[in-house]
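The chain below stands alone and is given in structure tokens; this is the form predicted alone.
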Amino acid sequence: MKKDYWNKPEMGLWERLYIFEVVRGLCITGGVFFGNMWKWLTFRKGALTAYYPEEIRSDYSPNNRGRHVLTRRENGEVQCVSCNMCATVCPAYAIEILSTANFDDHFHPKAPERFEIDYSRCIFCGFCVEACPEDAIRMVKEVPDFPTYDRNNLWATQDLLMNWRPTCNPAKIYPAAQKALEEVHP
């Protein structure tokens, strides 16, 4: 015997006329398709093809937050006071901090002995930047270089976070791209 629910859902008129949703879906898909075709016709190159590592995608979202960096004080020490606010607010549990006592500084009694971010877990939400009361962690807009075959290489250590400098310029035309442009437009 089939069980009847007391609040059985019923489809309204809009749900029964599903053709409007089908047309809406086709408009979205068609917009993406024709946008990619326009890029291909204009630039004579695949819309999403990037010849990594010679070139970097230039169409990253303006909302891309980039990569984490740790700021320093005037004396060169890390600005972080090991309050663990960033690790607490991180929804992916990607930040690990091991603190140590700092007896030399009266205003900052703790300092991180180890500060690491696991980029294989990080979702780049930026909550750690917002939660930091000392402005010790920031995200720079440069495009990060993450592709790897080893998960152990995705740990950003304190040294990397303090000394990271971008090695690539997304606006720069790389040799392979320049060669491809010369072949298309001699």
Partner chain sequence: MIELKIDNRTVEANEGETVLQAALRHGIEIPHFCYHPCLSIAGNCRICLVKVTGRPKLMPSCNLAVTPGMEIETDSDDVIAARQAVMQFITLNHPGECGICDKAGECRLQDYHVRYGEPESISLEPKNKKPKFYDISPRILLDSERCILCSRCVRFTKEVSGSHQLGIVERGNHSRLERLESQPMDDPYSDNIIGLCPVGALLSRDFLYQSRVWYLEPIRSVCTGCSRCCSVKVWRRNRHWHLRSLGEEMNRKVYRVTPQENREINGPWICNKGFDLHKFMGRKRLLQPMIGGSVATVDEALSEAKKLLAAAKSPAALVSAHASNEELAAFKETLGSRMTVYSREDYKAEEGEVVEDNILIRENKNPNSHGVHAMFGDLPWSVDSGHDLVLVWGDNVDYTPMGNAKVIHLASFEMPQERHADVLIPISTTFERSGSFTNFEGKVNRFTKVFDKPGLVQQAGDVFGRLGA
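Positions refer to the first chain, counted from 1. Keep in mind that what you see is a predicted model, and the values were worked out from it rather than measured.
Keep in mind that the form predicted in complex with the partner chain is missing from the display, and what follows is about it.
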property: Contact flag, Glu77 vs the partner chain in the predicted complex, heavy atom cut 4.5 Å; result: no
property: Distance check, Thr71 to the partner chain in the predicted complex, heavy atom within 4.5 Å; result: no
property: Contact of Arg121 with the partner chain in the predicted complex (heavy atom, 4.5 Å); result: yes
property: 4.5 Å heavy atom contact, Trp155 and the partner chain in the predicted complex; result: yes
